[in-house]
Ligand SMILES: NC(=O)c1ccc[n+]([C@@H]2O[C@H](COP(=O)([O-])OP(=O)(O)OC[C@H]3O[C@@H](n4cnc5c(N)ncnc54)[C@H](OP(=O)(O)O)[C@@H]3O)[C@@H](O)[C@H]2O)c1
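One chain comes next, on its own, written as structure tokens: the form predicted on its own.
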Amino acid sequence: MTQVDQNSGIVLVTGATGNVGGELVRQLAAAGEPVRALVRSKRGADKLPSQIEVATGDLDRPESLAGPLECVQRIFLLGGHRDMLGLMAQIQRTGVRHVVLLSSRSVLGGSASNAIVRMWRASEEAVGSSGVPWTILRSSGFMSNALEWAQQIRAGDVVRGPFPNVLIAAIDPYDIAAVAAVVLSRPEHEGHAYILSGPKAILPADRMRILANVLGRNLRFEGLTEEETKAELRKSNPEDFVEAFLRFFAEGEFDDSEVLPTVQEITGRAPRSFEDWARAHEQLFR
């Protein structure tokens, strides 16, 4: 790996081709920050800004990060990995000065017996006990989760999905990245945990109406039954996560509907609406 001056203040962005990481890489690069994008493979990395450095590594294998962590002083870190303690030990050994962890606000409202809550709490505890200065971003659900509907929208006008009566103050990944960019650049945010939400709590049917308007389509949302919901969740989640989602949204264990002013307070501007997100990503539904 290319040697970089220790004073260059390199920011390592993990999950750099994902919804939040990709947005953060672009925002930091546009601001002239020295960025290193961490990816598992180079597939999709060609969409990142050409001036940034790309490194390969796997957060589930902390030993693979020795090279990517060279000369890094700040890290944007995705939580939820199986060896968070080992990961943070590797980060601590390299002399990193600040870790910004992306977590979930379910850690505040969910039960410790819930598998998803346990995962996020373990991540936060590993970061907090590492000795590395930290900031935690506890996010609401992502607006980009609506991309799960893209295949159905391309196929027809009726979209079926789980939890039709659940209000979520979903947030645009762009706004999470904007908060992270500010937090990474200012030491006064160290030692703080921030809860992030979008500007309004809306139902799946509300999001579908907005997409219909943006796409010029007559789209309609239909909720899945409980059994259909379980079957759908099992396609991409282990059984303990299926149970966790059901506890969150079918049994009401966690309320993700509260709207908070954090994005405005940290970035100086209001968070983007779901319509803003939909217009920015409409081509992915066509």
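None of these values were measured; they are calculated from a predicted model. Numbers follow the displayed sequence, beginning with 1.
The discussion below concerns the form predicted together with the ligand, not included here.
Visitor: Heavy atom within 4.5 Å of the ligand in the predicted complex: which of Trp149, Tyr194, Tyr174, Phe142 fits that? Just give me the one.
Guide: Of Trp149, Tyr194, Tyr174, Phe142, the residue with a heavy atom within 4.5 Å of the ligand in the predicted complex is Phe142.
Visitor: Here the chain is shown alone; which of His81, Arg121, Arg160, His189 has a heavy atom within 4.5 Å of the ligand in the predicted complex?
Guide: The residue from His81, Arg121, Arg160, His189 that makes the contact is His81.
Visitor: Do Ile91 and the ligand share at least one heavy atom pair within 4.5 Å in the predicted complex?
Guide: No, no contact at 4.5 Å.
Visitor: Please run the contact check for Asn114 against the ligand in the predicted complex: heavy atoms, 4.5 angstroms, yes or no?
Guide: Contact with the ligand, no.
Visitor: Is Gly9 one of the residues lying within 4.5 Å of the ligand in the predicted complex, judged by heavy atom distances?
Guide: No, Gly9 sits far enough from the ligand in the predicted complex that none of its heavy atoms falls within 4.5 Å.
Visitor: Wondering, does Thr135 line up within 4.5 Å of the ligand in the predicted complex on heavy atoms?
Guide: No.
Visitor: Can you tell me which of 149-157, 103-111, 127-135, 208-216 lies within 4.5 Å of the ligand in the predicted complex, counting heavy atoms only?
Guide: Going by heavy atoms within 4.5 Å, the stretch is 103-111.
Visitor: Let me test this: is every residue among Gly15, Val20 and Gly57 within 4.5 Å of the ligand in the predicted complex, going by heavy atom positions?
Guide: Yes, the whole trio is in contact, each within 4.5 Å by some heavy atom.
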